[in-house]
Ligand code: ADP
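Listed next as structure tokens is one chain, alone, in the form predicted alone.
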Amino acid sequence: MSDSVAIENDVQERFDQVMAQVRGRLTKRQYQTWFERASLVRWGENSLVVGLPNRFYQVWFQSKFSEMVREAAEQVARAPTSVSFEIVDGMAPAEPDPDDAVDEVEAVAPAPSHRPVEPPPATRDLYPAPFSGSGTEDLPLRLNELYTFDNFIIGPSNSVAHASARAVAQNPGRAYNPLFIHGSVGLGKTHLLHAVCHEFLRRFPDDRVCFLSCEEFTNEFVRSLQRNDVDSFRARFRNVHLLVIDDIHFLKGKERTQEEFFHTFNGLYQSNRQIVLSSDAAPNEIPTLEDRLVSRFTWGLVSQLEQPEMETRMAIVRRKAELMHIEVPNDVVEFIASNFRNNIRELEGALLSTKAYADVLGAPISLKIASEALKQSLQPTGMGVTLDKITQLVCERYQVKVSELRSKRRGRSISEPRQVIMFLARKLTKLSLQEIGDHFGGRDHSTVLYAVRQIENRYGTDPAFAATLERMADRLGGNLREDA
């Protein structure tokens, strides 16, 4: 057997293990209805792509099963893994039988998950070829054609970030350098980064642009070390006119990559080349980020995206519906905007779930359809248990401040209450690991998972500690005894 065949078989075996885990979490009928047509497209470094037969499946999987498949893939791979879904030509036809689909709507939860679906990008991959510009040997930069300034809904929560992003695209290297945009997940950071690139290239079509995720930057650097070709890496990244990096908090804990990015930053900055960065947390709230990088990230403008207010949310729903070619009555727009307040992805997820439910029933979107499609996500969990309530209670119990929990401090007086909050949030809410991590300055899901397991172990071996946790859960209206 050739090496390539052996590798291919190994990847397929890992995918089969993922499907086996998924099968164990669903009823037989659910699995047959949705997953029997799923196939492996590719499984590269930290990235799994699953093939599906059509657009209906793609929307449903992104909304309902993305988190489940990701968690299963990470357990099999024992590493952080992103999951995406592609339509594969020539796969077995058709959407699920309508009767089956209606049953599954009830069984699988019609409402969007806490990590709702995003509309599929206009291009398949965001970062496959991060460079663009005349006279380069790199492939053209691929950007989402929908993520422009014209399609960005402006409100009080994001007007400063929007205006500053426009300014750096129109006057690069002079207006604000660097521009650092931060905010919780799903508030439009990536949209603004794409918009900056679109506007910059429109004004300066011959200039060279690099747009990639921090994870991609890290992977490129590691590969250059493996090839003993760091000089080529530096030449690529220090000779661009615009460097845009999404999720820069991914640098945390990576000392060698931080060192390399520090020198890349200095080289571009001294040449008046524009730098735009995004993060889930402000520079001084990113754990284990070197002080010299924190300092440089604040040299220009640090702009925060906040949760959109009601009027902005309604405008976003209308705009998303228009881009998706979905007719949505005004009362449905107001219903979605009133009930999904956290971020734009949540609004998009609610809109797509409503559309999918209406399609399954063969009915136009109405307030009744929307209420039925989204009813599960509108039901309070544990008498309204929220991450903020958990944080407040634990801070009172341990006599610590929220700002201390979000800092880089690691002493037991801080780490224990932080881990307790993560544990209670995981047990008493439907928040994902990443969403809980975002609450603590952008910590990644592996940090949260470690904290949950630490507290779980102590919960099972320390009766006094377990009793304390159960009392806190009772005060919050939840119940650990049935869950932990």
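Just count from 1 along the sequence shown to find any residue number. Nothing here was measured: the structure is a model prediction, and the numbers come from that model.
What follows is about the form predicted together with the ligand, which we do not show.
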I'd like to know if residue 354 sits close to the ligand in the model of the complex, meaning any non-hydrogen atom pair within 4.5 angstroms. no
Since only the chain is shown here, I'm wondering whether residue 185 would be in contact with the ligand in the model of the complex (any heavy atom pair within 4.5 Å). yes
Report whether the minimum heavy atom distance between residue 153 and the ligand in the model of the complex is within 4.5 Å. yes
So in the model of the complex, does residue 260 come within 4.5 Å of the ligand, heavy atom to heavy atom? no
Tell me, out of 179, 143, 161, 316, which residue has a non-hydrogen atom within 4.5 angstroms of the ligand in the model of the complex. 316
Counting any non-hydrogen atom inside 4.5 Å, which residue from 342, 190, 339, 377 sits next to the ligand in the model of the complex? 190
Choose from 170 to 178, 144 to 152, 225 to 233, 328 to 336 the stretch whose residues reach within 4.5 Å of the ligand in the model of the complex, heavy atoms counted. 144 to 152
